[in-house]
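Take a look at this single chain, the form predicted on its own, given in structure tokens.
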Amino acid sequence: MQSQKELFISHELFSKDPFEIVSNPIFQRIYEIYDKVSQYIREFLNKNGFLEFKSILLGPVTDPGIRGAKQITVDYYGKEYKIMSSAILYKQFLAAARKKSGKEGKIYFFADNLRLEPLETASMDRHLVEFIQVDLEIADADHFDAMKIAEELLFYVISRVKENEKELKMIWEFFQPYWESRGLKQRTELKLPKLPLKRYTHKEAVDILKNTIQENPNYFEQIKRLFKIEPKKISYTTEIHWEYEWLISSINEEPFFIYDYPRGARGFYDREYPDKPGILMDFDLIYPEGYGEAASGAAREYEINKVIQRMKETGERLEKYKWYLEFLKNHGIPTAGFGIGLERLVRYICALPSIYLTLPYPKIPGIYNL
């Protein structure tokens, strides 16, 4: 029989009297950190001129660029609507509207998202079906402006959380026995990152991964053991797969950026460099110590002809995006932004073996619970 402590790490946890688990003092501390992190994010954004909007839950379209996850479709009074997997198109709309009104053009929301993630992600420790993404957008900005906000936001939240690091150390002590088995580094303190954060181009990141694996082929076996998957091929023309995000994360000691992804790796809304065909003005923020992706962002494509061309390339049905294309045609301006996963940030701060431990009723791909 598993001990109570082992059940905390098991995906079967919430079939084992969830009230007893959720009421445990260690988990209550995690939920308190979750609440404080939410407050600190709002503090930072409000101080920097951002206005919070309520996020949208239902719409005729949602973000198609969700890395293999399935969208959820509902009947909305006889029309096919989508539950938001990401409100990226709507925040672009809101930032432009805010700018048009004479304001600074900075907006954000705590967006509830639903994604039917592939079953294989259940063992990756950082995917949920239901999660909150703090989405923000900035008018008249590019991806470098968004990266600056992202690193400053992370610095601010960590600096505020460190004011009560004693509570964190209790959580770390509890979960420390499970870090190694989940590919995580030992944690004795929550380090304040040095700004500006290190930046790798996508090509540089792929080079690092290839060289790392060439020097130590045992990483393939470690990936299989940790995540119960067969490692995919590393490519200069696609996304960096989740298992390799873990690897490049685990060999870094501070958060860092990967930017300039190839055109085929992201959605139609990420802007292509005017002077670098095939390269997108986008980025990911990656946590160190094996925790993987923190945030993803980009400068937005806003010229309607380019957007339509990209939509056609990816097989999108233009009629579904009628409102969005009308907005771009009549009001489109340069914007940039990113989304940072709230549960992923809490997991990193609390050094949790799995992301589902951040929530009292998590939805894990393929796992049935309350």
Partner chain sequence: MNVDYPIKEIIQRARLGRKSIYPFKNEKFKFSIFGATIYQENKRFFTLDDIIITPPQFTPLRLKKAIELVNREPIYHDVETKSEIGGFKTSIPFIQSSMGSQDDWNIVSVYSAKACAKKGVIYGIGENVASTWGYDKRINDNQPCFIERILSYLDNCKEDLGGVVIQQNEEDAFDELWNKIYSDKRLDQYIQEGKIAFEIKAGQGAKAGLGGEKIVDRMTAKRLKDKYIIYPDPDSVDAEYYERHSSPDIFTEEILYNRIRKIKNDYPRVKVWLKTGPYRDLDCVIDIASKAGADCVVIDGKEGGTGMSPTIALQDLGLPALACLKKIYDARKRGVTTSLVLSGRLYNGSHLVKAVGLGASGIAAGRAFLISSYAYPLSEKVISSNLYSNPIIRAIQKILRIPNEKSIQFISNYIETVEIETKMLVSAVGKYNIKDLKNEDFASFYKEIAQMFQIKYIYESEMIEKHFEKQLFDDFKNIYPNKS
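Positions refer to the first chain, counted from 1. Predicted, not measured: the structure shown is a model, and the values here were computed from it.
Although not depicted, the form predicted together with the partner chain is the subject of the following passage.
**Q** Taking heavy atoms only, is E313 within 4.5 angstroms of the partner chain in the predicted complex?
**A** Residue-level check for E313: yes, a contact with the partner chain.
**Q** Contact between R263 and the partner chain in the predicted complex at 4.5 Å, heavy atoms?
**A** Although the partner chain is absent here, R263 would touch it in the predicted complex, with heavy atoms inside 4.5 Å.
**Q** Consider G49 of the chain shown here, and say whether it contacts the partner chain in the predicted complex, taking contact as heavy atoms within 4.5 Å.
**A** No, G49 stays farther than 4.5 Å from the partner chain in the predicted complex.
**Q** Can you check whether G78 is within 4.5 Å of the partner chain in the predicted complex, heavy atom basis?
**A** So G78 counts as contacting the partner chain.
**Q** At 4.5 Å between heavy atoms, only one of the stretches 341-349, 34-42, 65-73, 328-336 reaches the partner chain in the predicted complex; which one is it?
**A** Of the stretches listed, the one contacting the partner is 65-73.
**Q** Which residue, K106, H241, R187, R182, has a heavy atom that falls within 4.5 Å of the partner chain in the predicted complex?
**A** Among K106, H241, R187, R182, a heavy atom within 4.5 Å of the partner chain in the predicted complex occurs only for H241.
**Q** Between the options T201, T237, N216, S123, which residue brings a heavy atom to within 4.5 Å of the partner chain in the predicted complex?
**A** In short, T237.
**Q** Only counting heavy atoms and a 4.5 Å limit, does any residue of 87-122 reach the partner chain in the predicted complex, and if so which ones?
**A** Heavy-atom contacts within 4.5 Å come from L116, E117, P118, L119, E120.
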